[in-house]
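What follows is one chain in structure tokens, specifically the form predicted alone.
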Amino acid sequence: MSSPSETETPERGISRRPVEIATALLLIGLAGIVLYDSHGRGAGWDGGPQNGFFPARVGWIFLAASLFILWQSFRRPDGVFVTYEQLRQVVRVLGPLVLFVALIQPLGIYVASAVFIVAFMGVVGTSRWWSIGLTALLVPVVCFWVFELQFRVPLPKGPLEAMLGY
């Protein structure tokens, strides 16, 4: 007779090692950019710290930490980093956020916020349609009142705000 752990199928997902290697390589690249830029600005101490002195030190620490992550990725046993079900949940949240950022430039932040609220509450939440519509209307209106009229902070506007005279 087999135990329950032997009969269960392992969860499928993205492996940990490739994610750690990709992250380490990305961070090594960023550290290289920081080091290149800081040495171009002067990373020495000529009567005091030059412009790139502190960024160069941070870049070296960043590079050392990235190399440690790369080394650790080969030492630890490989496993599941994230299951496909967990990744699906992340995409459900990330998708409306990407849509929101993409719509800010053409539609303005207030209309994009309304679209984001509808998409997010429709995809992630289990709200009623009137609750989604009311939230999508009131939140951008309140944000417009606070930022544009009270604090006079100009935020990206689109054709709707231009049509209304703002």
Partner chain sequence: MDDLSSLIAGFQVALSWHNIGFMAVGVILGIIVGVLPGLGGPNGVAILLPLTFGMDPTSAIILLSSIYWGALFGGAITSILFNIPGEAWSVATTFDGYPMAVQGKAAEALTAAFTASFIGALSGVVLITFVAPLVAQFALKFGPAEFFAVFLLTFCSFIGMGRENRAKIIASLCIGFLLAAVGLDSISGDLRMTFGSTELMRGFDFLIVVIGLFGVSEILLTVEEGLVFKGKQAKIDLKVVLRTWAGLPRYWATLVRSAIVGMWMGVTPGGAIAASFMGYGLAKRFSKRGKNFGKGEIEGVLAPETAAHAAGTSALLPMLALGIPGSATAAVLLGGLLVWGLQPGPMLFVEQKEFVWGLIASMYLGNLAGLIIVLATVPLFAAIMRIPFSFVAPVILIVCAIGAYTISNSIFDIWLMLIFGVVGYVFKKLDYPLAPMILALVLGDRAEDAFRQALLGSGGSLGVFWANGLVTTLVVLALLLLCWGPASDAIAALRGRGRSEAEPAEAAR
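Rigid core here is just the name for the largest C-alpha set that superposes within 1.5 Å across the two forms. Positions refer to the first chain, counted from 1. Only a predicted model underlies this, so the values are computations on that prediction, with no experimental measurement involved.
In what follows, reference is made to the form predicted together with its partner chain, a form of this protein that is not presented.
When its partner chain is considered in the model of the complex, G40 lies well away from it, no heavy atom lying within 4.5 Å.
Shown alone here, W129 lies farther than 4.5 Å from its partner chain in the model of the complex, counting heavy atoms only. Looking at V101, you'd find a heavy atom of it within 4.5 angstroms of its partner chain in the model of the complex.
Heavy atoms of G29 never reach within 4.5 Å of its partner chain in the model of the complex, leaving it off the interface.
Contact annotation for 140-158: residues with any non-hydrogen atom within 4.5 angstroms of its partner chain in the model of the complex are C143, F147, F151, V153, P154, L155, P156, listed in sequence order.
After superposition on the rigid core, displacement of the C-alpha of L25 between this form and the one not shown amounts to 2 Å or more.
Here N51 counts as shifted, since its C-alpha moves by at least 2 Å between this form and the one not shown after the core is aligned. With the core superposed, L67 shows a C-alpha displacement of at least 2 Å between this form and the one not shown.
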